[in-house]
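The data below hold one chain only, encoded as structure tokens and taken in the form predicted on its own.
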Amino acid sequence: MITVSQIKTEIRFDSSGKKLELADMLDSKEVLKKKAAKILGIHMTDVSDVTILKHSIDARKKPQIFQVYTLGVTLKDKSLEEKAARRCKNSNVTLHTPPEYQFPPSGKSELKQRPVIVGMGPAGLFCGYMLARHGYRPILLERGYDVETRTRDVEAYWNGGSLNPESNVQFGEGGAGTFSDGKLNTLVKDKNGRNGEVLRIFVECGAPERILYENKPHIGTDILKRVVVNMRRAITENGGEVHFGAKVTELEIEQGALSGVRINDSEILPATQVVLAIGHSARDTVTYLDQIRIPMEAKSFAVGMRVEHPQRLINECMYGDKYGNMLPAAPYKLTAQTSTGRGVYSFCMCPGGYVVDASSEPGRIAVNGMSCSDRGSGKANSAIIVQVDPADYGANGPTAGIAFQRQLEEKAYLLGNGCVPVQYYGDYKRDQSSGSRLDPDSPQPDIKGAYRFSNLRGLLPVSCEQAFIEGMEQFDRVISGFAGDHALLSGIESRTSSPVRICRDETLQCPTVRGLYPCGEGAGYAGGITSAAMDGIRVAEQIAGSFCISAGLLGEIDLK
């Protein structure tokens, strides 16, 4: 395949002012073939096919707006591809075949008990999916509930009901990512093709095909829920089992090796290979692991606020005034280095989205962001977060970061009187409550869940608070109005990543307990849906590459 990058075409807008979706914007295959053939110096009829590998929007010369393609070009005579690529004196032309994913052949040791996967976030789901596809009949244990039940519980909580500590935005089928934008971009290198395999599986299970080439692919929480259910069905159709309301409360360890897991403080399930994909909010499980001396360490993470603006403000900055609101909701990515050297950056940006109450523990408030696939709410939000490391929160043991998160969430709960506390940025700078500024002309938050105007000053440590304000003011120089008086803050964004790393060796196992595989974001080895899914696949490869399937893998389990 010949790869041709930086192919630009101008987006044409009509006078109707119609909002363009991605499907409206994409050029036809004939246009792209013609463009690629011209660059390669060949006749268009020599091109067999073109595949969009990457697509993005370039608005640097606004009001002219371009779409930029990277194309995979296949010639009718494939033997001429190398010659055509070398002949073309263009740095944007390369002879390249994307890495093709290969699952490893089975190992030689006999696996006499079915592998157990604890947690059904992206890491656990993809680990289970790969093992099921290759005949290992995994058993997936999820402390929360299926998407349908979980959605009812979450919406009931958002509408004023009680928080269910086992069924909320953090716990349940699909993990925390189920109630998110379903963002799939990652900085993890993909030399083994795992990233491409994750996207391919998502599409196979119902995600839109555009995620295969979008520069910043996303699914949307409405579609992601269906995709997660389809993945579960694929696991069970291939011999795996899924059990909800099955919380692992104890590990059975004999002579430094795993022998089973205890579920809901009662039944013991024999298991010698257990994948620990618990997610970044399973604090009780992490505390238990620390008590039984599973090696782990405190790590850096970040905390801050959700910051909400009209999507129009972001679109007009990114695309220009003339066509800004005729294009899909624009994302942004912002970073700043403060005068003290502390990093501040945007995280989990949700174009056309909502702030959500993402709490999972009574008496504590945490927020996140989510978007549906159409990104149509009219509001943009992202976490503006400040980097913290163990020295900042006085780490005394590996779980000190959890204690720090809980302190922040308890403060937020009190500030909002049990609701999400919100404040206008101008009042935050002036250290005054926004409660007195409610009027019809002031923007209101788009929050899933109850909220209450308050004063968020003092919620973050002073050093983080100063860095947050300095970062916001720097971002205002990039996006005019970003630090405007009516930008809305919601607190607290505390679950950006796991505050611990559960140690593992080169075989991806716990160094002191053989057969235990810390995996995904909760174990400190990922930072988002795609990287967690890739880590789940990597652990599945390790298990399959070490063990072959035995007759002992037959038979169902019965969890009471």
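It should be emphasised that the depicted structure is a prediction, and the values quoted were computed from it without experimental measurement. All residue numbers are counted from 1 along the displayed sequence.
A second form of this protein, the form predicted together with a small molecule, is not displayed here; the remarks below concern that form.
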Contact check for Gly304, His309 and Gly491 against the small molecule in the model of the complex, heavy atom at 4.5 Å: no
Contact stretch among 265-273, 395-403, 314-322, 163-171 - heavy atom within 4.5 Å of the small molecule in the model of the complex: 163-171
Interface membership of Pro115, the small molecule in the model of the complex, 4.5 Å heavy atom rule: no
Any non-hydrogen atom of Ala483 within 4.5 angstroms of the small molecule in the model of the complex: no
Heavy atom of Gly182 within 4.5 Å of the small molecule in the model of the complex: yes
Heavy atom of Leu141 within 4.5 Å of the small molecule in the model of the complex: yes
Residue among Val420, Val73, Leu456, Ala282 with a heavy atom within 4.5 Å of the small molecule in the model of the complex: Ala282
